[in-house]
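Here's a solo chain for you in structure tokens, the form predicted on its own.
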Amino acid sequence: MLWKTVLLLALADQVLALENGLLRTPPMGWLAWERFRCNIDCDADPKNCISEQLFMEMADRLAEDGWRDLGYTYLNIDDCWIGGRDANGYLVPDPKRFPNGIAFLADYAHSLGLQLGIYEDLGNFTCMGYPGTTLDKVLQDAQTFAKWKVDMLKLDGCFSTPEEQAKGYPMMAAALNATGRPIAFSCSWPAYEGGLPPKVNYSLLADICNLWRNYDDIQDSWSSVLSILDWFADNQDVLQPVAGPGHWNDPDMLLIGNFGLSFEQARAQMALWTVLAAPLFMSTDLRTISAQSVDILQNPLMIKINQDPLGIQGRRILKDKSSIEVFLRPLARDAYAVVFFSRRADMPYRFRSSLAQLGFSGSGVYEAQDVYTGGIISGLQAEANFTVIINPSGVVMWYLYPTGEPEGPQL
């Protein structure tokens, strides 16, 4: 009955969530940081520096290459856009790299059916040393972002104390709501407090933030992906119940299309982030991304699962001695997402299991569609054995749905 109890708690928690009406499913879009970092040398590297031109070109790609129509609608600026504050204390973008201003960029994004996100830091400086939002500037900066018609704010926490964070994050949530403009609020607060209770109060976070970073920044490597996955799985009893429509755990960006992941690892990150109901923020060069990476990121069934309206975060339900792990996420209409994940480094592994081993019981009959290949397995019953072949550091992902009376896991 444990899984049903968790499910009921997750559904009940939705009633208590932040009600600015935003992010009822995990946000999807593009974010500059992982791929372009704080490259501000537009003289030597004009195509890849943090600039108005870069964001306009990425907006064009989102609109023209199918991303927007699949749900990737956020175009998010990260650190290193700020030029300073004017004589009245208002934030201004770097005049050389953003000559037309942020409002111009927001209008450009909106004209393409996209939304613009922006970055600031609750502290004296941003993480890269640009002017931050101190407590006395919270209201002013919120009003500035609203005036610019920004749609999301990521508020980092470098160069601030725990006391300032405890005051500043709720202050910014209230200030954003007071502007009257719907602005999704991404908080880095829990990541600076270790990500876990008692230092982190997730009930409070769900009342003030639409999503939050819990753990370390992702780096372009498989070891970084695994460290984040391990932390989320090891702490899932705390993290899983607090996610839901309007308030999401954020394990950080997708690396797919960059340099650090193999093909199998890229497919694995996409599947694992989806089963965790994570935001899907790409951070890659959409002008040069490979067709193989596009296929992973634009998989329509994967996106359907990520955007499931129940918004329940999945859990690791099996950690087998063969170095195979199984993750399960309940979906609408009595369906499930199942990810079979291999930590092996030797050869494709034949993993033999049954729905009963995954917590299913009774006489229900299911059908499984392989999310990546499209293949169908019919007539799956609880006690019947099946075999999946999982490549090293890869996944097999199923969309599992009932063909008769559903009888889900009793965990």
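Counting begins at 1, following the sequence as shown. Note that this is a predicted model, so its numbers are computed, not measured.
There is another form of the same protein, the form predicted in complex with alpha-D-galactopyranose (GLA); it is not shown, and what comes next is about it.
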query	finding
Stretch in contact, per heavy atom within 4.5 angstroms of alpha-D-galactopyranose (GLA) in the model of the complex, of 213-221, 227-235, 255-263, 132-140	213-221
Every residue of Trp30, His110 and Trp148 near alpha-D-galactopyranose (GLA) in the model of the complex, heavy atom within 4.5 Å	no
Heavy atom of Tyr119 within 4.5 Å of alpha-D-galactopyranose (GLA) in the model of the complex	yes
alpha-D-galactopyranose (GLA) contact in the model of the complex: Cys127, any heavy atom under 4.5 Å	yes
Residue contact check: Lys154 to alpha-D-galactopyranose (GLA) in the model of the complex, 4.5 Å heavy atom	yes
Proximity of Glu325 to alpha-D-galactopyranose (GLA) in the model of the complex, heavy atoms at 4.5 Å	no
Among the candidates Tyr202, Phe98, Tyr336, Tyr192, the residue which, in the model of the complex, approaches alpha-D-galactopyranose (GLA) to within 4.5 Å (heavy atoms)	Tyr192
Within 4.5 Å of alpha-D-galactopyranose (GLA) in the model of the complex: residues from 60-86 (heavy atom criterion)	Asp78, Asp79
